[in-house]
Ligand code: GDP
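Just one chain follows, in the form predicted alone, and it is written as C-alpha cells.
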C-alpha cells in the first residue's frame, strides 16, 4: 500500500502519476485551507484531488472543473456579494452537497468518500487529515487572515510575518489516516508547499508522531529547484518560518520523519549535506509538465522504494 500526504495544486500531478502505476494508493489530504465562503464549506485541496483523479480538473488553473461557467459568481458580483473566490457553476454543486451533508451530521470523511466514489467512481481512498476544522492563518502586515484571503483575495501581496494552524492543537487527527499510515509500505510527502500544504497535516500531533515511527518508509519529493518554488508563494512562507528556500532547507525541516528525498538533478550539490542528516538522496528531473512526466516521476519513486 502506498500513502501520500498531499495538498495544493502541485500534489495532484504526482498523485495522478502514482495512481496510473499503482491502484493501491491512499491520499491523506490537507484540510488547512478549508474555509466558509458565502455560507458554503469549501475544501480546495480535497476537491482538487477528486477532480484530478476523476479526469475533470481544470489543468490550466490547477483547481476547479474544466470548461466550467461562472454565472453564479457573476450574479454575486452584480449583487455586491463576496465574489473573489473563483467557484464555477459545476464546482458549486460539490460545495452545496458537502455543506448540506455536514448540516445533516455526516463527517467530512464520509462526505469525501461519498462524493469521490459514488459521484466520480474514484477507487483510491481520499482521507481528510482530520474531520474537525483547522485553519491555516497567515499573519501579515495587513492583518491576520485565512490562507485563501491572503493567496486569492489579496493575491499574496502582503508581507508574511508568520503562519499558524488555528485549532490544530485541540484537534484529533482522522483515525483512518493513522490506520493507513500504519499499514502502508511507502509513505510519500508530495512536492507541495511544506508550510501551507503539508504543514497543517504535520501540525496534528498523532500524525507527526506516527511519521517519526515510520521514518524508514517515508520519502519526500522536493518542491524547490535551486532556490525557487516550483509553484505558489512557498518562498514567502518558508522565510516567515525561518526555513531555507532550497531542497536542503526542506530536508532539514522534514528530517525527523523522512529517510529519503527526491531532489532535482540540478540540485546535486546539496546531496552531501542532506545525506549528513541521515537522509538518502535520489536525483532526477522533478518537473511534471504532462501526464508522461507525472508517470515517469512516479515510476522513479516506486523504483527507489523497491516497488517496481
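Positions refer to the first chain, counted from 1. These figures come from a predicted structure and were not determined experimentally.
What follows is about the form predicted in complex with this ligand, which we do not show.
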{"query": "This ligand contact in the predicted complex: residue 128, any heavy atom under 4.5 Å", "finding": "no"}
{"query": "Residue 17: touches this ligand in the predicted complex, heavy atom cutoff 4.5 angstroms", "finding": "no"}
{"query": "This ligand contact in the predicted complex: residue 122, any heavy atom under 4.5 Å", "finding": "no"}
{"query": "Distance check, residue 25 to this ligand in the predicted complex, heavy atom within 4.5 Å", "finding": "no"}
{"query": "Option touching this ligand, based on a heavy atom within 4.5 Å in the predicted complex, out of 234, 207, 112, 187", "finding": "234"}
{"query": "Proximity to this ligand in the predicted complex (heavy atom, within 4.5 Å), stretch among 104 to 112, 171 to 179, 217 to 225, 74 to 82", "finding": "217 to 225"}
{"query": "Heavy atom within 4.5 Å of this ligand in the predicted complex - qualifying residues of 180 to 210", "finding": "191, 192, 193, 197"}
